[in-house]
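Read the single chain below, which is given as structure tokens and is the form predicted alone.
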């Protein structure tokens, strides 16, 4: 099987390296900056590089690793090159906008949205790892028209790569859950370090500061696209967070020890239950 990785940044490079490390698939690589693809070839992260006109027709599976707004235009621009009945997928952190747009077109290949759930605070091929996806989840978001065997094939590739868990769900449920498990955490972290006290944290901070502030290290261009593309679920999470914060504020202002204690005990109990 030939798998083409388009975009050899942190995620694309890590996917290529994981495929080479854990499978016998032939890995093709393409990157807008040719020197990155050449480096991946020299390091053995991919087996072949070249022009899209030559690589896309060879691929049984094509993985597109671009910012959200670039994915659909790229696929449509090259739609006549993809192998008939092949799988085209992506690694983007939002799914509904992309999957529902792709569903509008009658194509000779199958687009299945996907999201490898791992990352780092640094980007680019030089920071990619062959073990980035160890113990990670691979989420697959087929639509109603996606043949089951194509979904199974993509899930099987993820399992062969070493993903610890695979999840198949709808694009909408994916985006709803990612708004809670990922996007709201980045919003919270950025909001937290906007405090005027943040620059003075040294000497006063320990684990709590590191845990809350870690994901404030963010690619603003990419996350701006992700937040806006997923605005409805994310705004609901922001509303819930603000409401919970206001409960804490109200009880602190009014020195309501019983209500404040009950809020914290509830939070602790939920955390103990859900892990």
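Residue numbers count along the first chain shown, from 1. Computed from a predicted structure; not experimentally measured.
One more form of this protein, predicted in complex with another copy of the chain, exists but is not displayed; see below.
Listed residues 191, 127, 131, 160 were compared with another copy of the chain in the model of the complex; 191 is the one with a heavy atom within 4.5 Å. Think of it this way: in the model of the complex, another copy of the chain has a heavy atom of just one of 71, 99, 178, 114 within 4.5 Å, and the residue is 178. Listed stretches are 22-30, 51-59, 229-237, 36-44; the contact stretch with another copy of the chain in the model of the complex is 229-237, by a heavy atom cutoff of 4.5 Å. Although the partner is absent from this view, residue 88 stays clear of another copy of the chain in the model of the complex, with no non-hydrogen atom inside 4.5 angstroms. Of the heavy atoms in residue 95, none are within 4.5 Å of another copy of the chain in the model of the complex. Although the partner is absent here, residue 150 is not a contact residue: none of its heavy atoms lies within 4.5 angstroms of another copy of the chain in the model of the complex. With a 4.5 Å cutoff on heavy atoms, residue 187 counts as touching another copy of the chain in the model of the complex.
Heavy atoms closer than or equal to 4.5 Å to another copy of the chain in the model of the complex belong, across 227-256, to the residues 227, 228, 231, 234, 235, 237, 238, 239, 240, 241, 242, 244, 245, 246, 248, 249, 252, 253, 255, 256, ordered by sequence position.
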